[in-house]
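Just the one chain here, laid out as structure tokens, in the form predicted alone.
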Amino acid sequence: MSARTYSAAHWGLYEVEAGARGQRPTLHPWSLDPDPSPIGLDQLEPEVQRLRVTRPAVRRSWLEQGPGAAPRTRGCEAFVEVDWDVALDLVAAELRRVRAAFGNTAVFGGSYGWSSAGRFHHAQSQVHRFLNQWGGYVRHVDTYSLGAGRALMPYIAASMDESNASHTSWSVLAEHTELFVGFGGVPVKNGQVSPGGPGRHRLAEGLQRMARAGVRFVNISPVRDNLVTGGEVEWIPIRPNTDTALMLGLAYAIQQDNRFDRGFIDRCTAGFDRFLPYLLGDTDGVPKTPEWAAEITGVPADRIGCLAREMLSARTMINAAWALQRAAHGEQPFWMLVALSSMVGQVGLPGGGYGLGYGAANTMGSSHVHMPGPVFPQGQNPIPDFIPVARIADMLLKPGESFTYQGGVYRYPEIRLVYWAGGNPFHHHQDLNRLTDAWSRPETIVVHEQYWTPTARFADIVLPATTSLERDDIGFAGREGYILAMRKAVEPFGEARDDYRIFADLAARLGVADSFTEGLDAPGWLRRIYAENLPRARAVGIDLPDFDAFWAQGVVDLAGHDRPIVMHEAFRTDPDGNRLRTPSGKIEIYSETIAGFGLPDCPGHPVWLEPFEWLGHEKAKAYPLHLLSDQPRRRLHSQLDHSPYSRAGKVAGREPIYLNPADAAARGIADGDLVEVFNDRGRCLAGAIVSDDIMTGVIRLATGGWYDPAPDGLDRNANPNSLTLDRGTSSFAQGCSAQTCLADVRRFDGVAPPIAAYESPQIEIQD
């Protein structure tokens, strides 16, 4: 191995400097990255490694008494370490038992796509391929990040995958945009990450370049500091979950303006005349005027009317943060934003139109070529049963009950075994007290994990998995501009094995080794998936080196193929010749398909629907603060929360919670105080930051603090999902509604309980 090789993580590329004999390597940011993220640079440090799962471990009651034993002790019972052969025999026997007694529909294959930036050692692909070869499993659809958006947008304009890959480039925005209106901001902290690993972090640079070019920014958000450009930004505070009402007020003002041009509406959209009576109040007697919107949102009516005129007077880009659709009726703000942008009439023009997630990840706004990458084939799942990803607690608690999704009616299966590889449901899911109850229902939970995370602690069998630095892989992300040879930097920690080896050994025990491995080891698969991608790359005009040359080269930089992108440009130019993939081929302001589902909480056009709980709700009398749970600055989701870099950002030893000075003073809370956040769903501790950057009536607590419940139910480690609402966005999408949450805060004056989440559970050795 050369003195310096490469690796990739979801927060950046690393140059790996080999250590002296007996010393660990050192990680450096990629030298071509203009704004590298510090997340993960300490992942080889002893403080991080000490929490590794070193050997296979089985929960003591399960080992001694068998499947289903004492399930409510998950999360607090000791584990017994066993040999790999013992662990694999136990897992294989349990898979056989469950299938023989209940069928493959009793197995849920849980995973999430953020486990690895490598394309082969991608836990989601690995577990799905294994379970598919074994006869299938119950799967999930959509994501916590984009549950409502993924379900809705194919009917309206473009799938979220297509949209994410075709956002107008930052360079085009800097040259052509005059006004940028951001609903929910454009948080640079979120742009640190990318599904396949960001090569060049471009978000901060893109915003700064726009500011230098004279672009005027308007940030419509409950918080001010989520749109920072290096220049002036107008902040318009808005009550959380009311963005759709504000957009309707803007649309009303635009429709009343004599500069409103129906040309784009008539050429490129469908159903505007079905939406207009609702906007004007003809259908419900309530015109959606700026004055109407002001009562709901708290934004002054004259500012709404003025902003509408400004949008019509300038080349305007309107953007919505993903957080807007992670809320009650989350389909509506995305749908209404597309409708509003269509009424402004600039969709498909350079620097104009709409965005759905500038700032959500590094990918959006890239000028890099959109090309396919190597993939580990998952095969076909013969089991049709599925759930929307955010309905896992419902599935476990309500087997046999029906649920709706995109107009269909389905039933929750009865799950006996959960097999999880990649991801942390005790981070992503809402109302963790409810999830803990649901998690006690399956008879067996098997988890592949690298660290003793909450998901590992709540498992029955934990199999230690390698990290990306402990195996060879191929790094690639569409529109990130590189392909990377990820060479193993260190030997596996303890007895950790990569997911492929684990599943290959299980497949051999279950009689499906040939179909799972196809006779290939991990190096053989790397060569195969790379070679299979060469013709796909040539199809988009890119000639890649052969595998050996690529592996020796280390990085294939695709920046030479960059080209600026304008989203929907071809469609605008010729809407008949470049039809969208919607049912009408146009942007659907009114959807006949969705209207045909007959869902009162998601009708055929965008509407304002009162959230399940918000600052205008009766419940606000008891819990007068709206809790926002945003993405953290110092980690991706919950990954590496125990690292020195993540823990250096804590306040009073916990994740910081932001309060407006007026709300803090009313509760006797000072900057740096330990506080208790609570509602009728749960309680957690956090460290107070008092700031004018958040509006009154709103608090903000980032996700990802490792869940650490005390016996009395108090989460000692500031996980906002101790309090969030586990309810689908609507009967259409069933996405998560984490941003719909009322709570209150009080100073914690007692003795702070110690955090157990950053310590290994009790471990015993098998006799």
Ligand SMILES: Nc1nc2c(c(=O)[nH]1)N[C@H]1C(S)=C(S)[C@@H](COP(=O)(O)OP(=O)(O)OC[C@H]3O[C@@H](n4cnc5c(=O)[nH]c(N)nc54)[C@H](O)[C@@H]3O)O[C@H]1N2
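All residue numbers refer to positions in the sequence shown, first residue = 1. Because the structure is predicted, anything quoted here is derived from the model rather than measured.
From this point on, the text means the form predicted together with the named molecule, which you will not see here.
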| property | result |
| --- | --- |
| Per-stretch contact check against the named molecule in the model of the complex, the hit in 401 to 409, 161 to 169, 505 to 513, 632 to 640 (non-hydrogen atom, 4.5 angstroms) | 632 to 640 |
| A339, A323, M486, A293 - the one with a heavy atom within 4.5 Å of the named molecule in the model of the complex | A323 |
| Contacting member of N241, T177, S366, Q332, with respect to the named molecule in the model of the complex [4.5 Å, heavy atom] | N241 |
| Close approach of Y137 to the named molecule in the model of the complex, 4.5 Å, heavy atom | no |
| Distance check, A738 to the named molecule in the model of the complex, heavy atom within 4.5 Å | yes |
| Close approach of R202 to the named molecule in the model of the complex, 4.5 Å, heavy atom | no |
| T297 within 4.5 Å of the named molecule in the model of the complex, heavy atoms | no |
| Candidate spot P29, T229 and P656, all three touching the named molecule in the model of the complex (heavy atom, 4.5 Å) | no |
| Residues from 207 to 224 in contact with the named molecule (non-hydrogen atom within 4.5 Å) in the model of the complex | I220, S221, P222, V223 |
